[in-house]
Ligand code: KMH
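As a starting point, one isolated chain is supplied in structure tokens, in the form predicted alone.
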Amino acid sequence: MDKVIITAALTGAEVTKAHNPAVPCTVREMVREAKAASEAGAAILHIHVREDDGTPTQAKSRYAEVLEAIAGACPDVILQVSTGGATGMTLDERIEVLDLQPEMASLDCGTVNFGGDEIFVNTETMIIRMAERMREQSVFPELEIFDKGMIDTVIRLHKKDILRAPLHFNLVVGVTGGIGATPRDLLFLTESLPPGSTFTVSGIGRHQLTANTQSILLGGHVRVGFEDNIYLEKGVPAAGNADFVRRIARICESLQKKVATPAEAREILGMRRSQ
């Protein structure tokens, strides 16, 4: 039976309690959501942090506080920090968290126009700097992909030995400015990946469930959670991240797939800390 890794993206940098009161901001709320998602089957927790009032931050001190608290409640789970932060943050702000040597971190592989004047900037120079810092700190990168050209960038940097195997991708579909979330779009992305790589799929908003299911059928993994979607169905807000985890776990079971434990996820991804 194939195993599926479930990642729970607990909060993100854009959604607020005005969108859904269950969106976590405080350390206590983050621990609550992390523990519930882990117990429901999430092997990886994707971590953004906020101040208590909901303001997004990349401050190393806030990350240290949140990561320590979550690790105490969920000692086996893989903690994946965000180096995306929020639009408008400098690269120095975004990568400060890597000094904490988290087990895993996101690495955005291209610039995206999120709509209006909101531009998420990731130049090739920035990508290289993030990759080099992750290697220095023995952090396993998840390569964030919003369009097919970003896969080409990864392949080019891999040939230059800037990004090294094993390569694990997160294919983000359905976001404004990025590739769509149709079966054709997702198949195009997965067939463009280099041989031997692994992939997770993040569907944004109403695309979350269908994109997750497509990923499972294609032999991939899934990301769910409040960062990407706040509704279980149209007009029905989720009570917590665990709602999304439990739902996709049931779909895995119905498709005769096993939900991977954190230890199994590390094996599937080939995660090894540098000595």
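All residue numbers refer to positions in the sequence shown, first residue = 1. Worth saying up front: this structure is predicted, and the values here are computed from it rather than measured.
Just so it is clear, the following notes concern the form predicted together with the named molecule, a form of the same protein that is not shown.
Query raised in the report: Can you pick the one in P102, G174, P141, G84 that has a heavy atom within 4.5 Å of the named molecule in the predicted bound form?
Result: Contact check passes for G84.
Query - Exercise: A13 in contact with the named molecule in the predicted bound form, heavy atom 4.5 Å - result: Yes, A13 is a contact residue.
Query raised in the report: Taking heavy atoms and a 4.5 Å cut-off, does E33 contact the named molecule in the predicted bound form?
Result: It does not: once the named molecule is placed as it appears in the predicted bound form, E33 has no heavy atom within 4.5 Å of it.
Query raised in the report: According to a 4.5 angstroms non-hydrogen atom cut-off, is H48 in contact with the named molecule in the predicted bound form?
Result: Flag for H48 set to yes.
Query raised in the report: Even though the named molecule is not shown here, does F188 get within 4.5 Å of it in the predicted bound form, heavy atoms only?
Result: No - in the predicted bound form, heavy atoms of F188 and the named molecule never come within 4.5 Å of each other.
Query raised in the report: Can you pick the stretch from 150-158, 112-120, 192-200, 68-76 whose heavy atoms fall within 4.5 Å of the named molecule in the predicted bound form?
Result: Looking at the partner contacts, the answer comes out as 112-120.
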